[in-house]
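The data below hold one chain only, encoded as structure tokens and taken in the form predicted alone.
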């Protein structure tokens, strides 16, 4: 288990890119598809493929298996088992042996070094010359699995986890000049470790500022632009002037606007939910399609698992990931650990994860957010597809296969498919019941409705599955946005990509404590506010790129959601004031048109939201939750508390990530889900 640690970068005479690895990346595009580098990577791949024929590859596998058996590292029956799995999956024998836990990675690469005829180098005990490494493109080092180690009497020692090829030697000479290449073999983990050590500052800078360098207007690093700040100040002054010069007329106008806005949001959600109520509009993937998938046609899949202060649930996480129905040799699980979180790292090591799990330490730096950690993971990801799971997640076992099918059935511009989220502790208390109603409504009705109506889909924070290269082209996640998922889905739609949904569910732990719920919800609402501000910086460009239809959906969903929560207490306060002083306030602030809209909101608007909450139970047959839908107006008041907290933090601590505590439930996470709630854990 390896990760990078905080060490100062080497200094001394070197090229500019060497002396300043941060500047090195600021000059480069975020994506790995820059033309020159892509051509080089293609040539390297072709040369490497040509250098090893199918017959040679078969002989190497046989020699590797025999060598491991001869050294007592593998039993003949285990070798036969691995070879049978290799015939079924088409994967490398070494990857299969490691994934099955039959051979340790370090042992395997030592044997490969002997078979290839090169020395083995342990990069943990023979550190890489960082100045030398920084003369190379780090993205290419990751992609081609090599790293220059040090100078040796004018020659350069190069560590690789792949058979060295003539194209690789040619590339190295193109960077360093006419030097002699001395190949050595090391593990793929050691290479990634050396890259994290050598490019630590640059990795941190890229993960934090990469999107901002790509396009500052897409980043939430700037909270308000000048025109947005000016517009808010002008609006505030205008309202103040109106209240001073024409108090009654201004109050009537404000009451009317609040009521019309609330009504528009409720009707929008109703229409979208009715569209989502048609199950066939979900991208349904049948069990027969999943069963028809052959293991040898499945690609490598990367799973990012960002964790922070999750020592109490890390063991369950490892066990949940073991249940995924996907060839283990084709899984790359990157456990993203914060540098200052030794407790979680120790708990993860104690859980004895399989060697398909790689520990990646995220360098310390502000902002300390989940999207920053995911950007570090994205840089090292090698899978064709990529997904994110949170520490408490329990995805359905066939979810990855359903995502693969969805991408193959979808158009080339399909960048992401979102699985549904729901809760295994739905019946723990009133709050978890309301939370489950809300999530069932959102993922079973709202998201399918948005998909059917071809409106932008704000992603959830977990179980969204990406085409990895398209995700890189989008610039990854915004580390300054505390709902980076919603922002990414909208950014993808603005750039012409499509986001879909799949009929698979990931079960999570619903917040069972009110303080924890408020913290989590205020972060989500603050993120929606950030996302709305980011995407409205250039309204003309937004209309041109998205169209009026998508603009309307964006304004109602992303802008309307926090605004509605902010307005709920105002509406209830007006209603109470009207009841207490009906004659004077009713005549002054509620002329007939405003009164009718207000009464409609009170009776029909709240009734529609209660109805939609009740509707949420039917797809999952959670009928026992129906009576709790009547508490929906009170649940919205909790949202209002979170919304005002979010607004305050937007002004005072815009990038602060309020940590949600997990592992608080009394229910056993490994055996429960909303349809079959389990017994409280002992």
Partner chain sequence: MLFSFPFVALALYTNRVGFLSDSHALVLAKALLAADRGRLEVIGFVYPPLPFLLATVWPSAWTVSLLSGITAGATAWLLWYDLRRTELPLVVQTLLLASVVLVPNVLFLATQSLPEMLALHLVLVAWHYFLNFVRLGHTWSGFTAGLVLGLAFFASFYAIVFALAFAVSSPIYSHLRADGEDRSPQADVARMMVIVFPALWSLASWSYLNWVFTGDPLRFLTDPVTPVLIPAAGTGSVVGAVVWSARQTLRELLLQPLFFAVAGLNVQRRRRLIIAFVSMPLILVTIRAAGFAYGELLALGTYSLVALAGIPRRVSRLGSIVLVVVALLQVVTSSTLTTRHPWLADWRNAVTLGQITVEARSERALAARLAQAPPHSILADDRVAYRVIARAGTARPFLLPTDAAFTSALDRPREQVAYLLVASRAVHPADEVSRRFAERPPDGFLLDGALAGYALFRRVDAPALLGQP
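The shown structure was predicted, so the numbers you read here are calculated from the model rather than taken from an experiment. Residue numbers count along the first chain shown, from 1.
Not on display, but discussed next: the form predicted together with its partner chain.
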Heavy atom of residue 64 within 4.5 Å of its partner chain in the predicted complex: no
Its partner chain contact at residue 118 in the predicted complex, heavy atom, 4.5 Å: no
So, residue 626 and its partner chain: in the predicted complex, are they within 4.5 Å at any heavy atom pair? yes
Residue 618 versus its partner chain, in the predicted complex: is there a non-hydrogen atom within 4.5 Å? yes
Among 588 to 596, 532 to 540, 381 to 389, 519 to 527, which stretch has residues whose heavy atoms lie within 4.5 Å of its partner chain in the predicted complex? 588 to 596
Pick from 557, 571, 455, 612: which residue has any heavy atom within 4.5 angstroms of its partner chain in the predicted complex? 612
Just one of 277, 176, 263, 252 has a heavy atom within 4.5 Å of its partner chain in the predicted complex. Which one? 277
